[in-house]
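One protein chain, two forms: both are listed below as structure tokens, the first as structure 1 and the second as structure 2.
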Structure 1
Amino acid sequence: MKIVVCVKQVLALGDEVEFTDDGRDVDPDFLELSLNEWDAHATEEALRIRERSADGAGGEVVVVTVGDESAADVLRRCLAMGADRAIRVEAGPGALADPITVARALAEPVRAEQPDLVLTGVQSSDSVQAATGTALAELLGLPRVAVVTRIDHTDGEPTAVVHRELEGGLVDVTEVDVPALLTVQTGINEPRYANLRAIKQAREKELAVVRPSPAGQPACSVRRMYAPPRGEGARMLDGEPAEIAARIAEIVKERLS
């Protein structure tokens, strides 16, 4: 059983924002880097499927990311969780804005692995496209199911039964042919923490680095980023916590009386 997991290093904004001089992106100094939350769940699920599969230790979990050198950190985090191998597809800044381009960069190295399952997150928390996984499935010619909260699959079976979570929490129980690509939703599991020894070992592991094949035409391009207009915005309550609480209590009581 071989499972490939696509993982992204996401960028989170702190309390302040400044834009680059060309106005097309956020100044990198104002960003913090981390493993996309959904991808931590996807990696965990891959590890669990490997652990309970017939060939147990023989199974393999390979993590792949598209990004620059700094993205190696998320691969090491996944290795420390228990992934067997890691591949980084070299990409400069700007290449990550378009999910179709990212999917094209992933397609070659993922196909080369000939996986039984490919897992991605539902969405990346910074760009919220919820698109890369489904686009990649198409490029790989794989059936896919998006927004999965449960995976039942026995090694060697031609299908898997998965829960697809719809709006309002309704679950669509879906039978999917394997190999397949599934986009994994939070709540499916509780990602494990890596222990210090595993983190240390992961630091020494070799990461494969590959160049993406030519990407073709982008599906979109960002021409401007800006701070959202606040509209009327919230009336801000200032002061010490006691004063804030007093105002909240007053507003609530007036509304509910």
Structure 2
Amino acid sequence: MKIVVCVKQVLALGDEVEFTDDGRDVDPDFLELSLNEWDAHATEEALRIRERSADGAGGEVVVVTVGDESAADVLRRCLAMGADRAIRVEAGPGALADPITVARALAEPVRAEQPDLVLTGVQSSDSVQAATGTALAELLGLPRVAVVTRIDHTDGEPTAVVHRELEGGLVDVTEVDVPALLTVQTGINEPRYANLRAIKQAREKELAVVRPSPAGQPACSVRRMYAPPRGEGARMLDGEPAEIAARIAEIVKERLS
């Protein structure tokens, strides 16, 4: 069984923020880089499926990302967790930012692997659009199940049974034909920590680098980034509960008048 996991290097803001000169992005010096939390769970689930399949023999987990050379760090973390191979789709800093363009860049190398399953995280912690996995499934022509919290699949079986999270705490149990693309929710597992030996071995593994096909027009673009102006802030009210409630009612009436 071959499982491809699409992962992302996400950007986290530090305590202070400054923007680039054109005002369309955050200055890289004010960003921290890490593996997307949802993608860590997707990678862990792929490893567990491989380990359950045929006693863990013959399965392969391949991780793929889109990014520049700095994105190699998240691939090496996945390799240290136990992934077998890693592929980086070349992209310059700030390029291929919107989810549709990223999905276009991922489609060709993922298709070339001819996987039995494709896993992605439900969303990324920086963009929070939850669109890349859905777009990739469409481009690959694969059935898709989103927000998956459990995967039951036996190597060689034509279908997989998955649990997907619905609003209000409900769970939908769905049977899906494989190959399929599943977007994985946090909480499906507890991602393993790599030991020092595995980290060192991951540093020595070669990362395949491919160049994407022409991406076409982006689905969206950033016109401007800025910090919203601060408001007046909170007003603290002291007194007994009844007094505070009465004062709140007065404030609401004043604002509505």
Partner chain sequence: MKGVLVVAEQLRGSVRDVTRELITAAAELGGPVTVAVLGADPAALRAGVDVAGVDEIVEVRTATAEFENDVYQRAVEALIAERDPAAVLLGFTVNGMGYGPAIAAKLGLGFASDVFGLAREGGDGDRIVCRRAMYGGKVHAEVELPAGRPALIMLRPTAWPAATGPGGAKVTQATVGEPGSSRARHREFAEAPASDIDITTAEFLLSIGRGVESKDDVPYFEALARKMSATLAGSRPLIDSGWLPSARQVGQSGKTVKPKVYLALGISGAVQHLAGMKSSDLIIAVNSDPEASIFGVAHYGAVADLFDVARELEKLF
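For clarity, a rigid core is taken as the largest C-alpha set superposing within 1.5 Å between two forms. Predicted, not measured: the structure shown is a model, and the values here were computed from it. FYI, numbering is relative to structure 1, first residue = 1.
Structure 1 or 2: which one is the form predicted on its own? Structure 2, not 1.
Please determine whether the C-alpha atom of residue 13 is displaced by 2 Å or more between structure 1 and structure 2 following superposition on the rigid core. Comparing forms between structure 1 and structure 2, the residue 13 CA shifts below 2 Å.
Rigid core superposition, residue 238 Cα moves 2 angstroms or more between structure 1 and structure 2: Yes, the C-alpha moves 2 Å or more.
Once the core is superposed between structure 1 and structure 2, does residue 24 show a C-alpha displacement of at least 2 Å? Comparing forms between structure 1 and structure 2, the residue 24 CA shifts below 2 Å.
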